[in-house]
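Take a look at this single chain, the form predicted alone, given in C-alpha cells.
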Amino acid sequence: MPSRTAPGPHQARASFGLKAATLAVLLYLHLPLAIIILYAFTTEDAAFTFPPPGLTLDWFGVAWRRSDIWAALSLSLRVATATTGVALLLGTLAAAAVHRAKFFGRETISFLVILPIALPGIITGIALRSAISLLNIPFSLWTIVIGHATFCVVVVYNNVLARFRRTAASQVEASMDLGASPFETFRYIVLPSIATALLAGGMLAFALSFDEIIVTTFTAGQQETLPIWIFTQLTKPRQRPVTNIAAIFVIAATMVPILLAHRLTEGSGGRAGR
C-alpha cells in the first residue's frame, strides 16, 4: 500500500479567519483606488454621491484637451526616464564594487547607499533643496532627477547585488582564464546573468520616480510633475473628475512596471545561480 504522508504547510487549507483578514487587507489597500477609477466616469462635476447618478466618458475628452496635464505628464515621463538611467548606472556600479572588491568600510558604504530609501522623503527633499540653493544651482529638470535618483539608486542596487550574490564567481574566473578581456567577460558572462535584475530594478526605479511628490516639491522650483499637478487640483472641487483621470494615468504608470518587475524577478530567481 502506498504510504500516506501528512500534507506540508504549503498544502494546508487557509482558515476562514485568514481568508477574511487577507480580503480585509486587499480592500483596505485597493478600495480607494477603485473609488478613484469609478468617479473618473461620473456625470457629476462637484460633490460626489454614491452611487454615481450616471457614467460618462466625457471627462476623458476634457482631460485630453488640457495642455497643463500634458505638460505635467511630459515632465514626469522625462524625469522618470532620466532618473532610471542614472539609477541603473550608479546602482550597478555600486553593486559591482561592493560585491567584487574587499576594502575597508565596504559595509558602511552599502549602508549609506541604502539609507536614502529609509529616510522620509520630506527630509531628503529639504536637504537637497538647501544644498542646491547653497551651490546656486538653478532649479530645473535635472535637480528633480538628482532628487529622485537618491532613492531610485537603492532599488537597482538591491536587485543587482542580490543577483551578483547568486551568480557563480567561477564563471567570471573561467572567462578570464580563457583569455577574454574584461569587456568581453562583462558582455558575455556578467551582463546576461544580471540582465533581468537590471530590467526589474529599472522598472521599479521608473515607477518610484514617476509617482514621487515630496522630493519633487522641494527640488522642482516652478515645474509641476503629474503627481504635483494632481495635488494642486485637490482644492478645486469641479475639477475632481479630471483629477481622477490624471490619477488613473499615475496608477497605470506605476502599477504596470511594478507588476512586470515582480514577474521578472519571480521567474528568474530560481535560475539565477545555475
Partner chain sequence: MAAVRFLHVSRHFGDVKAVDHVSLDIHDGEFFSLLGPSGSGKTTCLRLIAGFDHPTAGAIELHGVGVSGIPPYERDVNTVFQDYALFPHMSVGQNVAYGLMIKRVPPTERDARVREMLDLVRLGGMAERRPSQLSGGQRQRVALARALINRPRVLLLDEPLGALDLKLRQQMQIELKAIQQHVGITFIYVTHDQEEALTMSDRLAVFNNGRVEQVGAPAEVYEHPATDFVAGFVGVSNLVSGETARAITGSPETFTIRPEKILMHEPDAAIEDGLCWIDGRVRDVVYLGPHTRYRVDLDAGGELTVTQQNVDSTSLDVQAARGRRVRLVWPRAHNRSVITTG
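Positions refer to the first chain, counted from 1. In this text the structure is predicted, and so the values were computed from the model without any measurement.
Here the subject shifts to the form predicted together with the partner chain, a form of this protein not shown in this document.
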Listed residue that, although the partner chain is not shown, lies within 4.5 Å of it in the predicted bound form (heavy atoms), from Leu73, Ala180, Ala162, Leu88: Ala180
Glu107, heavy atom within 4.5 angstroms of the partner chain in the predicted bound form: no
Non-hydrogen atom contact Ala168 with the partner chain in the predicted bound form at 4.5 angstroms: yes
Distance check, Ile189 to the partner chain in the predicted bound form, heavy atom within 4.5 Å: yes
Contact label in the predicted bound form: Ala174 to the partner chain, heavy atom within 4.5 Å: yes
Contacts with the partner chain in the predicted bound form, stretch 114 to 146 (heavy atom within 4.5 Å): none
